[in-house]
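This document opens with one chain alone, in structure tokens, the form predicted alone.
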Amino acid sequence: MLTRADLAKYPFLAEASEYVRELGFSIDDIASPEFTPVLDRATSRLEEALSKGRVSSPATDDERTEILSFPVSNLILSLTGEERAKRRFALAEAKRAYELLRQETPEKLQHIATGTFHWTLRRVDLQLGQRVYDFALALPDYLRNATSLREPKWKLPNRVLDHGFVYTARDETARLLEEEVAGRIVNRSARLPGRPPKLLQPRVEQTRGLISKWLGTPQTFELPKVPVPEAMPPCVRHVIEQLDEAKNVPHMGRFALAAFLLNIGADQEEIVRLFTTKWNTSED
């Protein structure tokens, strides 16, 4: 069902990864002059993601370059060692994917959802009042991707639930896929078979400069002085680990940590300082 043009639009798909493997792409290919357009597109993807929070469509119709530039972007990011930049890139690519996915046919949406992300997704043609539903999505797949969406319409009491399936419109399905895409990219590991070619190092340094320019210098997480920090429960330690990695912690997680710290004797002023650091603000 998917064409090479589709893989260029959605380079995170399993079919796109298979296409790259079939090309026989190796790390040594990066040093060849023919690979320059791929490096340029990979760099532009990163620059747009870091500066604007979005990735635009390419200016040319070179589908091969578009497909290959995606894993190269991930490789460059991995070499920088900046997890916050990786999350920023994942969100930017996911937003681009959503704008494209919402225009696809229901058949193609279903193929992408079930093929790469292994959703249990059924086609329906249902109208309830003014709402038209195109899909029935298995509850676990829905909850995994809707829990981070804050609009009231995503809350389960506001959904139509039938025998373990949640009804969704085409645009809503694309929005849930956006969440899935972001998670897939964040968890994607770019393994390097050997040392990177010297030609790639300037791109890595350029990306580090962009990260510093648009995301600033990462700040170190310092836990307020408290008695016996090793005795903290796993849920609190998990929140602390997220803060330590400069991740955006949901409101309830911050509240739980603040309440816990107060109850075990942490100084109130130190807790206020903890939650007013630059890295602890929401991402775009």
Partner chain sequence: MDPTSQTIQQQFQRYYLEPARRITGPQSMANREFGFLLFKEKFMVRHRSFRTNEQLLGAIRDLVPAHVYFSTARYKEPTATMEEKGWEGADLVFDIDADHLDTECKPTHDNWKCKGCGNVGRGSAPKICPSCKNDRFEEQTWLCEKCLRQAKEETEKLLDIVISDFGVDPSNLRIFFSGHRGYHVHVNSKDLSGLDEEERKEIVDYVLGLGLETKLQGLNQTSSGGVTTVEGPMMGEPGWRGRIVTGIYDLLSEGVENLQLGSAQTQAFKEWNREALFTKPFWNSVRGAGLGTWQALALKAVQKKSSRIDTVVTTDIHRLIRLPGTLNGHTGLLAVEVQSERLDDFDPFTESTVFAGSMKVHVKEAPSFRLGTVHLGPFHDESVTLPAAAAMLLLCKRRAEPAT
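All values reported here derive from a predicted model rather than from experimental measurement. Only the largest set of C-alpha atoms that superpose within 1.5 Å between the two forms is called the rigid core. Numbering follows the first chain given and starts at 1.
There is also a form predicted in complex with its partner chain; it is not shown, and the following applies to it.
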- Message: Please identify the residue among Val186, Leu161, Leu100, Leu199 with any heavy atom within 4.5 Å of its partner chain in the predicted complex.
- Response: Leu161
- Query: Between the options Ile211, Val124, Leu139, Ala169, which residue brings a heavy atom to within 4.5 Å of its partner chain in the predicted complex?
  - Reply: Leu139
- Query: Counting only heavy atoms and a 4.5 Å cutoff, which of 73-81, 203-211, 140-148, 104-112 contacts its partner chain in the predicted complex?
  - Reply: 140-148
- Message: How about Arg131 - does it come within 4.5 Å of its partner chain in the predicted complex, if we only consider non-hydrogen atoms?
- Response: yes
- Hey, in the predicted complex, does His118 get a heavy atom within 4.5 angstroms of its partner chain? no
- Message: Taking its partner chain as it sits in the predicted complex, is His238 in contact with it (heavy atom to heavy atom, 4.5 Å or less)?
- Response: yes
- Message: So, superposing on the core, is the move of Pro37 at the CA at least 2 angstroms between the shown form and the other one?
- Response: no
- Message: Rigid core aligned, does the Cα position of Lys52 differ by 2 Å or more between the shown form and the other one?
- Response: no
